[in-house]
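One chain is shown next in structure tokens, namely the form predicted alone.
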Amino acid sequence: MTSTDAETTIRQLQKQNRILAKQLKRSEADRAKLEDFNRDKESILKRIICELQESQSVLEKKGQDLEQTLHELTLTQSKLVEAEKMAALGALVAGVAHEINTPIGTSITLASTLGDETKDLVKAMAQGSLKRSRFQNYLKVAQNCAALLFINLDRAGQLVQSFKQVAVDQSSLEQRTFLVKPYLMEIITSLSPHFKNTYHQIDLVGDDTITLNSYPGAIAQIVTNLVTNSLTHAYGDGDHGHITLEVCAKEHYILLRYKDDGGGISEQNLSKIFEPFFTTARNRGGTGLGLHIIYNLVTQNLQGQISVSSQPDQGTQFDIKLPVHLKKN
């Protein structure tokens, strides 16, 4: 190799070294940038993780608060539903008590009249002034008083018997076997005070021999709430309403069909009527729990189904299907 070739080779090597040095420098700069980026990324990740942990703690706290709130709302709703049931039972008690006052008051008046007539008769006998016409008049009064006493006391007895069975069933909700239609008649009798000062009438149709082993108290609450709902929402003052309650036996279930000919329910409200606290009569004291209670009683206690159909000014119909045999829980 000549000196010229050696110099050329050296220059080439020097050039390559300069290139490699520049590349190494750039690599070092890139490595430094990468390290800075990684440090920034790690810092960002740590900050994100901290923020996520803080957010998770906040969400867990909110979740606990929401769970507690939901629990309190559930308890409050349960208490309100129970209060609504007791209010309905209280209204039943007040109505029956008021209704019993009439035959009892009449009976007291008749007994007082009969007592006064008897005193006069005894006095006349003691004085020896008793005449045949006076005695015959006394017998006529006594006979009339006895007949009216029997009618009024029998009416009071019927009310007490109906109320006693319905009230006991509503408060205990015990399962037993019973004749459906006669029991529904007892419920209607206990509700008669609600119709006393109205033009409404309620008819019961169906087979007297249909028997059901279920919770009669739940059925009493359902019918009571349905009637109350109709009187509150379906009719106005002075309306002549007609309510029909029908019971019939199917293959595997019993159908209770409740129908009124009142104002009906609008389409936008029909899908909401079983929701708790939904009411269109809040200004008249409505709580929005009556139909919600009915829905729960039918679907849970009685293991049945309930459906509703209605149109404005065409009345409302509730179909309640109850299984002949309840499933054991």
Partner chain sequence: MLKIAVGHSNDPDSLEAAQEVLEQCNQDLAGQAPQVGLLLTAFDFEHSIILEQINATFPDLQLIGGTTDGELSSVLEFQQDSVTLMLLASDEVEFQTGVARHVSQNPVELTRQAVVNAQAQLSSDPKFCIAIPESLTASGDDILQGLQTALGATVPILGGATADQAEMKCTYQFFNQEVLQDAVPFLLVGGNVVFSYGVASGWTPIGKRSQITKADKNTIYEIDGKPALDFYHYYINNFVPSAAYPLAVFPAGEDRFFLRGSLTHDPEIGSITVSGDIPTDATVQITEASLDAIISASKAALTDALKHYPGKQPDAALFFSCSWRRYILGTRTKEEYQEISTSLDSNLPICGFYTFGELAPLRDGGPTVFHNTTFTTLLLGTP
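Residue numbers count along the first chain shown, from 1. For the two forms, the rigid core is made up of the largest set of C-alpha atoms that agree within 1.5 Å on superposition. Bear in mind the structure is a predicted one, so any value in this text is a computation, not a measurement.
One more form of this protein, predicted in complex with its partner chain, exists but is not displayed; see below.
With the partner left out here, check for me: in the predicted bound form, does some heavy atom of residue 9 sit within 4.5 Å of its partner chain?
Residue 9 lies outside the contact set for its partner chain.
Just checking whether residue 67 would be counted as a contact of its partner chain in the predicted bound form - the rule being heavy atoms within 4.5 angstroms.
No, residue 67 is distant from the partner.
Might residue 23 be said to contact its partner chain in the predicted bound form, defining contact as any heavy atom within 4.5 Å?
Contact check for residue 23: yes, within 4.5 Å of its partner chain in the predicted bound form.
Give a yes or no for residue 271: in the predicted bound form, does one of its heavy atoms lie within 4.5 Å of a heavy atom belonging to its partner chain?
Heavy-atom contact with its partner chain at 4.5 Å: absent for residue 271.
Tell me which stretch of 30-38, 262-270, 57-65, 298-306 has a heavy atom within 4.5 angstroms of its partner chain in the predicted bound form.
Of the stretches listed, the one contacting the partner is 30-38.
Mind checking whether each of 15, 18 and 43 has a heavy atom within 4.5 Å of its partner chain in the predicted bound form?
The answer is yes: all three residues contact the partner (heavy atom, 4.5 Å cut-off).
Where, within 193-220, is there a heavy atom within 4.5 Å of its partner chain in the predicted bound form? Residue list please.
Stretch hits: zero.
Just checking, between this form and the one not shown and with the core aligned, does residue 34 shift 2 Å or more at the CA?
Yes, shifts by 2 Å or more.
After the core is overlaid between this form and the one not shown, has the C-alpha of residue 300 moved by 2 angstroms or more?
Comparing forms between this form and the one not shown, the residue 300 CA shifts below 2 Å.
Please state whether residue 54 has a C-alpha shift of 2 Å or more between this form and the one not shown, with the rigid core used for the fit.
Yes, its C-alpha moves 2 Å or more.
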